[in-house]
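What follows are structure tokens for two forms of the same protein chain, given separately as structure 1 and structure 2.
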Structure 1
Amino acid sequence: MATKASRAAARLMISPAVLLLLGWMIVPLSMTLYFSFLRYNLLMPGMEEFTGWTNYRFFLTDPAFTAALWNTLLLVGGVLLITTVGGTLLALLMDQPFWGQGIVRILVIAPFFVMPTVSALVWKNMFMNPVNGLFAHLAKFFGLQPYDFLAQAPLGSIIFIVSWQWLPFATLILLTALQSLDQEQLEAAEMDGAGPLSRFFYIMVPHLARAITVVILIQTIFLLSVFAEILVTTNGGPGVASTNLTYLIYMQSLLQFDVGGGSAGGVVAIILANIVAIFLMRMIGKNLEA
């Protein structure tokens, strides 16, 4: 009886938080679903009408949707590749004893605490500016023509900027996992004649597999909604060369004032994000069982 009473008390105490969380999630989602079935333009108030699946059909058949979906996949895949490989290498480097190790670790982790908008502005104006940027000055110093990164390689530039922001996170997680590796195992492998590459691929990489999976899961959830870097640097251009799904929904809703079409795009983005999340969670589950 005491156990049942304690469980009931626990449920009663957490119920306000659960109800608040459900309201915070369900109310906006319900409104988005409702607006997605309406022809609702902010420039024509009071003229809303039910259109069924029309908004979804227009959004999914829009050529910009295909480009945005492809850009989103490239952005997520590119950042994951750079941060996973780079984070592993940095973790291996920082795991070695050297003078000033604590300061170096702080400097490596520091970019993760810079706001995305500030980071994008710094890279846009101080580094990638084709006239006054650092890269332009370096190109002129070596007698080369400055390269306009944001105009000629917009998506690649955004991938680089976002990777710079997320590399410290991956490094921190992988360094923590690497420090939990039993050093006696490495010493035994070295005594058996295993070289550095063999120890890395056959001992370190399997040990880091779970940490890498966690890094991929967490980063993917956030990378699917990258927005500030695109808004500050390229505005989705040239054309739709650097437009992802999040920015396409923003354009549809707030630049074209089409709330119905933007809501339909938001529902599509939520469905795609949940599909990716379910796939990654299953991958983590299999990894943890292994």
Structure 2
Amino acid sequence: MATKASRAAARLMISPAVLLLLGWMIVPLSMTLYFSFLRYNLLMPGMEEFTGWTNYRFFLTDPAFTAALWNTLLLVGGVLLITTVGGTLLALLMDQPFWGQGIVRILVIAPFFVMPTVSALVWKNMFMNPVNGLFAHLAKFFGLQPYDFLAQAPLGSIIFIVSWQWLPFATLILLTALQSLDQEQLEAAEMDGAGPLSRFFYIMVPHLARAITVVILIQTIFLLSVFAEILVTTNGGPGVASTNLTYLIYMQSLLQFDVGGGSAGGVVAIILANIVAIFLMRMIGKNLEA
């Protein structure tokens, strides 16, 4: 791509794809924006009318909104924390030579291939159920009172389930990064008198910084929109204890048939996601520079 001519040709060639993607994004976005300013309820078809900021006012002043906002942040932050720390430790473990390494690596990746609905249902019915769940049986075996995870700690349970799904992803990326670390650097550090902990914090962690950044950015995108796990386990409850923004918007527009309110929520969610993105890029984006 050196000459002017080839650069112009490149732009021309790439433009259909860019236009298609632009349209793909612009059309739903502008429709959402448009709906968010309408009073539009599916129970009263044909009654749509322009209402200005009313939908936004209702959405933002709803007490459920603040709760959902915090739940979203807790969910994203909690899962990120568990998966990056746990992923790093698992990657360190799997980087050691041991018998059956290949099989173990495949097994560790397995949860990533399980659909969110399925894994959430498995956790809900087979593990966390206070009567039939494995944990309940375990508790009874030790003579303890079974714990109703989804009722007593709904958000924590969901954080746990989602972390279980995303741990393999983080582990895999961090393991590849760890394997690309020059062994001589570790040996040099060893000769320089660095013990295992110092080697980890001074050599490995800085080496992993870029991979950790990638894990955090990619996971944040997906974690902001966690939905299926909530739908099949707690339905956002009890109350709004496990309702995140995505689930709140779903309740608004589909359970209450309020397309206008749901759209306003959607726009708010877009803005919040962008704020999170800007914060993240500010904080850790520099790790991605070569």
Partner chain sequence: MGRITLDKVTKSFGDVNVIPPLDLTINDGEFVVFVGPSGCGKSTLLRLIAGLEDVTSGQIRIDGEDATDMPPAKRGLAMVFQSYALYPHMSVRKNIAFPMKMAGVPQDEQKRRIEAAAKSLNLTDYLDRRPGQLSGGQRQRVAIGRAIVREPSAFLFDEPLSNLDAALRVNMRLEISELHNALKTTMIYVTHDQVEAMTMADKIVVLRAGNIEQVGSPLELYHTPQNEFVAGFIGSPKMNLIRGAEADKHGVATIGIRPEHLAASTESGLWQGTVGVAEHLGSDTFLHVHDHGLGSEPLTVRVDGEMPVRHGDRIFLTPDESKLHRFDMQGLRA
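Numbering runs along the sequence of structure 1, starting at 1. Rigid core: the largest C-alpha set superposing within 1.5 Å between the two forms. No experiment lies behind these values; they were computed from the predicted model shown.
Structure 1, rather than structure 2, originates from the form predicted on its own.
If you fit the rigid core between structure 1 and structure 2, you'll see the Cα of Ile270 move by less than 2 angstroms. In the core-aligned comparison between structure 1 and structure 2, the Cα atom of Ala17 sits 2.8 Å away from its counterpart.
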